[in-house]
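The chain below stands alone and is given as structure tokens, in the form predicted on its own.
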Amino acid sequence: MKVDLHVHTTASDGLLSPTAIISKANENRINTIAIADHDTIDGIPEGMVAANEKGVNLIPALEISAKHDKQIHMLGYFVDYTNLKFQNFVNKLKNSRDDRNQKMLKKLEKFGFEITIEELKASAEGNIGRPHIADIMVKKGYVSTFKEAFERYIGNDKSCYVSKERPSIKKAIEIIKKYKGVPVLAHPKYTFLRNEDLDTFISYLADVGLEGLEVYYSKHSKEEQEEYLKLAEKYSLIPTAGSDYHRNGDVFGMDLKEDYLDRLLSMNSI
């Protein structure tokens, strides 16, 4: 069946509003979707209203940037987004993003790229991230394409990249579970681990509370999917599916066995 358990909206670095995302899901006959914005839950209330109107099952979620040896993204499904203490935790994540953006703009200035924080804020409705910086770089002619901005300047470990303050992956899992959520490792491809190294890592995550693995992802090959599915089965993790949709041209909607979806939905304790 078609689902999409990993989409972004204007609350972070997506180009569609939560309402528009729900409409897109409805038009594509996707009945279950998760708004999982980066380090923010701001898009969920609007999305819930639209989902109720359209008859779409919206899972409240977020994607937390966590730290391990490298940056790891942890999805939290069914988080209690109305809880004030959880909101405070997420707001701290948002504030760390603001600090990081200012530092990146200063680095870009050394290359003659003049982008102000005011311009950046005016270009986005929600949680501002590197895609918004890349869009402005293209508009101002500093780079030819969105991809070039990342590959030459603001991608991981590039000259203008700045890491942000992030919780440990163990802390991210603990927080998600504390506030009624289900922690799922996003796109295991981007752990850049394979075979025994990945097995060891997933084993560690399962030991500290991981409950799912994003086996079906828009950029996973069939071979990678098979590897991740075996790991999910080995460590009793729920296989999930998400496109990581941000903008037009991205994949939207993924196939997922109904049994896997039912296992995830059964974890909802809100």
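All of these numbers come straight from a predicted model, not from anything done at the bench. Quick note: we count residues from 1 along the sequence shown, nothing fancier.
This protein has a second form, the form predicted in complex with ligand AMP, left out of what is shown; the following refers to that one.
For the chain shown here without its partner, which stretch in 75-83, 111-119, 97-105, 175-183 has non-hydrogen atoms within 4.5 angstroms of ligand AMP in the model of the complex?
-> After filtering at 4.5 Å, what remains is 97-105.
Look at the candidate spot formed by His38, Arg130 and Phe150 and say whether ligand AMP comes within 4.5 Å of a heavy atom in all three of them in the model of the complex.
-> Answer is yes for this spot.
Proximity of Lys189 to ligand AMP in the model of the complex, heavy atoms at 4.5 Å | No, Lys189 is distant from the partner.
Is the gap between His246 and ligand AMP in the model of the complex 4.5 Å or less for some heavy atom pair?
-> Output for His246 is yes: heavy atoms within 4.5 Å of ligand AMP.
Any residue of 8-32 that, in the model of the complex, places a heavy atom within 4.5 Å of ligand AMP | Heavy-atom contacts within 4.5 Å come from Asp13 alone.
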